[in-house]
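Look below for two forms of one protein chain, each set out as structure tokens: first structure 1, then structure 2.
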Structure 1
């Protein structure tokens, strides 16, 4: 376990734990639902650090890491990388940021992700922002994304939709059963989606200030 970040693991001695648990919001939704786009807006208005699990995995892949080939193949194939890799990257990035408020985008994407993060950190999300968007709209957006991603093609996206339905939606349902899901209609234009997003973060700020 020593390879995980120190501050946010609960099994390390008390002195290295931060005084207070950080605020974590999980940002979930299908590929192309607009998670990254909206996270950039939230960062500007509400002082969070945005951590995209996909971006962290792509950076790890490009860094020449021993896991690079595995990450590359799994992403192209629409599969979810084992949480052992992803949780470590998230914890490192959390510690490096120096912040205590995080948007964790595209994670947890399956039950294994969810359980690993919870057992390693003991952190429960403040809430789960869920971008709900029809598949056909998501497909259109991904195919027009133009960021040079190896998985933005019709074969990969079809596989990703399958994995999303089979593995990621049950995680959202799990959090819904705990009353944590804040659902947004993500099919609307960016500005309108952000208006809806803002309300959830404003009410959280109000709660903290009260």
Structure 2
């Protein structure tokens, strides 16, 4: 049985990759930019499998596996989980899905993630869907989402915005230099945002089918 791990990963001996690769779209945007809502719409309309690197890491931690214990201990000790570990979790999830079209949400978080994904898998994204949203709007949305705990959360929310901006912008700039960023004005209403999103995925479907 073939697998993404075997078929799509560069082997240590340097064997060449097959022609057929999965279609991958990275989805980036700050907390409250609406990524989750729009990913659900894309899954429903275009048949993609939605993978969240953060969710996969959390699930692995809770699985009781040896790998999960390692991740849990690293996080507990304040260490950053190696990019290769996250990439392998993504590959396993891609393999298990049985699909060949993937939205990878909230990844790559930084340049190291990006480099590890491309070197381990040999896959470049078709494009990066970037939900661009003003910080004030994202803050308002996150606070509304966390009703009752607004005062407690405001500082931590701002820290999350700062970390996101510092780590993710270099990734966006890298892919922008390669003409792969598709920027969405995420401050608009959900329906309007999805109309813009649809155009990019319809064009990609046409390209893949050609």
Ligand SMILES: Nc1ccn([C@H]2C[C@H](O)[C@@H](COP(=O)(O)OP(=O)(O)O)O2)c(=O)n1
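Note that the rigid core is defined as the largest set of C-alphas that superpose within 1.5 Å between two forms. Since this is a predicted model, take the numbers as computed values, not measurements. Numbering follows the first chain given and starts at 1.
Structure 2 is taken from the form predicted on its own, while structure 1 is not. Rotation of the smaller rigid segment with respect to the larger between the two structures, from C-alpha superposition: 41°. On a core-based overlay, residue 82 has a Cα shift of 3.6 Å between the two structures. Its Cα shifted by 8.9 Å, residue 69 is compared between the two structures on a rigid core fit.
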